[in-house]
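Shown here is one chain on its own, the form predicted on its own, set out as structure tokens.
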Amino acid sequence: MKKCKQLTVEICVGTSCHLLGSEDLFESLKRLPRKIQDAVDIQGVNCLQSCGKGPNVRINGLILTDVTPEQLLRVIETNFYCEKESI
């Protein structure tokens, strides 16, 4: 069985980020391939202390600002990988 890297994706749902499009980020995650969706822990968080630069996202501790749905999908797909199965 392949072991896949787990990603924690925290999307700010505070007022500023909500108005700047955080809901669009949640919607975009539905477009990820199923195996990636299963390995991503998606959470809504109240504030990432970067109000006005949103929508903001934290992925495994790294805060990204002014994130578009396309950027979010690209970052997740770039940082996701599974180990090759050993024989």
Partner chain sequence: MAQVTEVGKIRRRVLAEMARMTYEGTLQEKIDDILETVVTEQGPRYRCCVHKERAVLKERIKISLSQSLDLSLKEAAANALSGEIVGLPIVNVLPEACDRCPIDKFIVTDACRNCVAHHCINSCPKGAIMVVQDRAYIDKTKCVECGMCKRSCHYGAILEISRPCERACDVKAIHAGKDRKATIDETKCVSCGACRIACPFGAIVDRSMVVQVIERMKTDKVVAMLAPAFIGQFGVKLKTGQVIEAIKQLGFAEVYEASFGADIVAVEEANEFIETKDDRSFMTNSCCPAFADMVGKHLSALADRVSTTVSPMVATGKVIKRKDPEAVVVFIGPCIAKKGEGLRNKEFIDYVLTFEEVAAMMVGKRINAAEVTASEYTSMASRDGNSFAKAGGVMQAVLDTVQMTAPEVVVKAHHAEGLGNCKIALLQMKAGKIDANFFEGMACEGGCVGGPATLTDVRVTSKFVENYAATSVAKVAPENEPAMDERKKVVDFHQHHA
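Numbering follows the first chain given and starts at 1. All of these numbers come straight from a predicted model, not from anything done at the bench.
There is also a form predicted together with its partner chain; it is not shown, and the following applies to it.
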- request: Answer with yes or no whether residue 52 is in contact with its partner chain in the predicted complex, where contact means some heavy atom within 4.5 Å.
  value: yes
- prompt: Contact between residue 77 and its partner chain in the predicted complex at 4.5 Å, heavy atoms?
  reply: no
message: Please tell me whether any heavy atom belonging to residue 20 falls inside 4.5 Å of a heavy atom of its partner chain, as the geometry stands in the predicted complex.
response: yes
- prompt: Though only this chain appears here, would residue 13 touch its partner chain in the predicted complex if you measure heavy atom gaps against 4.5 Å?
  reply: yes
